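Shown next as structure tokens: one chain only, the form predicted alone.
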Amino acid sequence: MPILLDYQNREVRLTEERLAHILDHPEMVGMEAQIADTLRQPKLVRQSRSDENIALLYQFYTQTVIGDKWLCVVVKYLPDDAFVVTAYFTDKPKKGETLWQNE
């Protein structure tokens, strides 16, 4: 199981089960490196509006297989654990409190 680092140098688990779930979506095939890059250097981080333990990390990518899109990596941060819940492309970041932004 890969252990990735996020933008604050926190360890984030990406389980094989979660990666398989993400790669079930054809547009996400081959995006493992971009998932790691988005965790490490997001453009924007927003808190989930439905779960305060979840952060949505965004990076904008051009020329993906479905065009120019934001990659959203959803991470659940618990006191003694952090793990990727899912990752997907979206047209725009969700509304919510901005936790961090790279200008």
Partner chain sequence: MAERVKVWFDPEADFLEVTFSEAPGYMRETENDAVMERVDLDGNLLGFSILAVSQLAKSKPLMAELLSGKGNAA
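Fair warning: this is a prediction, and the values are worked out from it, not measured in the lab. Residue numbers count along the first chain shown, from 1.
The form predicted together with its partner chain exists for this protein as well; it is not shown, and the discussion that follows is about that form.
If you check its partner chain in the model of the complex, you find no heavy atom from any of E32, R40 and P79 within 4.5 Å.
Its partner chain in the model of the complex is approached by S50, whose closest heavy atom lies within 4.5 angstroms of it. Among residues of the shown chain, H25 is one whose heavy atoms approach its partner chain to within 4.5 Å in the model of the complex. Of the heavy atoms in H21, some are within 4.5 Å of its partner chain in the model of the complex. Though the partner is left out of this view, R10 does not reach within 4.5 Å of its partner chain in the model of the complex, counting heavy atoms only.
Contact annotation for 75 to 94: residues with any non-hydrogen atom within 4.5 angstroms of its partner chain in the model of the complex are K76, D81, F83, V85, T86, Y88, F89, T90, D91, K92, P93, K94, listed in sequence order.
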